Structures are given as C-alpha cells and as structure tokens.
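Starting off, we have a lone chain in the form predicted alone, written out as structure tokens.
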Amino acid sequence: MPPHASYTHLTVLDIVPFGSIAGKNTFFALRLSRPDWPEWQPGQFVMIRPDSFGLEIPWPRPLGICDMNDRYLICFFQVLGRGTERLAQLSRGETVAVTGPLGKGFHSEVDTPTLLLAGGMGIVPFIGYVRSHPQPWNLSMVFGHRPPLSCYPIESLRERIPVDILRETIPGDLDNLLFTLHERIHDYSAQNGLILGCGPKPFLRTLYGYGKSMGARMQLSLENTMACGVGACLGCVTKTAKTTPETPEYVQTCTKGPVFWIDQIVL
C-alpha cells in the first residue's frame, strides 16, 4: 500500500442525487464519516467497496475525492455500470471499505494565477482544490459539460471563483468550447500561470495538444480505468515521455499519477 494510505471502514452519512436525465438520477454525492488521514491533496482518489458488492463484484471502484473536512469525506460519482449503480443504492448507516488517499494530487502555487479546466465529471477534484486554496482570487475555471448543469456541484465553485460554463448540445457548442479553451490556455501560458485539467480522454487530449504547443505549465488528471489502485494490476498504465518506437515506457497511473505534468506523458 502506498505511504500515507490506509484501509478502513467508513459509515455512509447520506447519499444525495444531483439533477436528472430523462427523469432518472445518475449523479450522486456520497458523504462518508471522516477517515483518520493525516493529510490529503485535491486530485487524489479512494478505492471503495461496499459489503453489498459480495462475490458478484470482486473489485472496488475508484472515486475521486471531492472534498474532506473535519467531519466527513465527500465523493461525487456518476452511475456508469454495475458497481456505481450499486453505490447509488447505499443507505445511511451502511459500512463501506475505503482505501486512500491514493495517487498524487494537483500542484498548488498560492500566488500564481491558476486556470482550472474541467470537462464533465472532471469538476470533482476542483471542489476541494478551490475550497482549500488560501487565495481563491487567483483561481478561475472553464467548465464544459453535456448533461444539465443541475447534475454537477457547480454552486460551491461559483460562490468562490469566476466560472465560465459552456454546455455542448449542438456541434457549434463544441467549436465554442475549443475556442475558449485555446484562448484561455494561451492567456495563462503568456503570463507563466499554472493550468490544471481534468475530464474525459478526448477533453484531456485537447488540453494536452494546446498545452504542448504553447509551452504551458500544465497538469492533467487522467481518468484511466483502475482495478486495484495500488499499482499491482498494471491495468491503468500511461505512456511516458521517455517512450521511443524501440522502447515504449509505461507507468502506473494510480501510483505515479493520476495527476501528471504534460511533459511527463504522451496522450
């Protein structure tokens, strides 16, 4: 197990649905009793496994840490398969096994203008990042999404920092998002600002391409599929910048990431 991580059992305090799609809730905030962690970083994650998984679902599920305070831990997730569907059925008072905090979180420079770029569920680690930042006036965000805005915990961010919200519903919306991302990355690169991104792989590839071409100081949180969370199964590997056609090199995303500087990886 990675240093500073622990395996523990936590109690479900509540699970709150956010928004709905076609009348069905698929986004949830899961609030758990506070783990006994000495510290954690926004961008880290946990592996969570309820007893209700039984033998039917052997592997735990990775969930990004949304936020944590002295009373509870919050994870925000979207139902995408059997595991997350079972998580959405948890009830107050149930016990879940949690391993964490895992991975490496986002870099923070208190006095540096910092641009947060989130696509869909990539908003999750920035909730805690913004809340814990000692100078939030140095932060701003671009948030791109497809489901209704009510599906995301956006209000806690808009109370603290300026957020440009761009929803993709027609092809022209995507062009607008790409233009906005390009211009904002260009502006922050020109002032040697810090740029942090999280979201689905196509979104991250776009950020990576813009960031590399502009020489941006950029970190990306990768959403690779994870089974163990501790670097043992090699199911989440990422190609590194040291790769050559003759000798490809990969590292475990769960232990070496999930947050990487863009000059460390190839997307």
Partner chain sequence: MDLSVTLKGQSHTLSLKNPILTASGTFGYGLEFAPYGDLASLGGFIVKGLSLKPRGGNPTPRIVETTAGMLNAVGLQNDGVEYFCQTTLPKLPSAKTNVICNIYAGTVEDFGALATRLDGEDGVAAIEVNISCPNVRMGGVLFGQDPALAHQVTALVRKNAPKKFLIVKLSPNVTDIALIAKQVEAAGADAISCINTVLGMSIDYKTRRPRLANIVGGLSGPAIKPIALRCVWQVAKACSIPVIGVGGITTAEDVVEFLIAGAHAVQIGTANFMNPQTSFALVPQLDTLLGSLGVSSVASIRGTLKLD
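Residue numbers count along the first chain shown, from 1. No experiment lies behind these values; they were computed from the predicted model shown.
Form predicted together with its partner chain: not shown, discussed below.
Check your understanding: So, in the model of the complex, is Asn69 in contact with its partner chain at a 4.5 angstroms heavy atom limit?
Key -> Taking the distances in the model of the complex, the answer for Asn69 is no, it never comes within 4.5 Å of its partner chain.
Review point. Just to confirm, Ser213 within 4.5 Å of its partner chain in the model of the complex by heavy atoms?
Key: No, Ser213 stays farther than 4.5 Å from its partner chain in the model of the complex.
Practice item. Answer for Ala241 alone: is it within 4.5 Å of its partner chain in the model of the complex, judged on heavy atom distances? Key: Contact with its partner chain, no.
Point to revise | Arg31: touches its partner chain in the model of the complex, heavy atom cutoff 4.5 angstroms | key: Outside the cut-off, so no.
Review point. In the model of the complex, which of the stretches 23 to 31, 214 to 222, 57 to 65, 38 to 46 has residues with heavy atoms within 4.5 Å of its partner chain?
Key: Within 4.5 Å of the partner lies stretch 57 to 65.
Check your understanding: With its partner chain left out of view, which of Leu102, Leu87, Leu181, Leu139 would have a heavy atom within 4.5 Å of it in the model of the complex?
Key -> Of Leu102, Leu87, Leu181, Leu139, the residue with a heavy atom within 4.5 Å of its partner chain in the model of the complex is Leu102.
Exercise for review: Check, residue by residue, if Ala5, Val237 and Tyr250 all come within 4.5 Å of its partner chain in the model of the complex, counting heavy atoms only.
Suggested key: Result yes, every residue of the spot touches its partner chain.
**Study point:** Any residue of 20 to 48 that, in the model of the complex, places a heavy atom within 4.5 Å of its partner chain
**Key:** Heavy-atom contacts to its partner chain in the model of the complex: nothing from 20 to 48.
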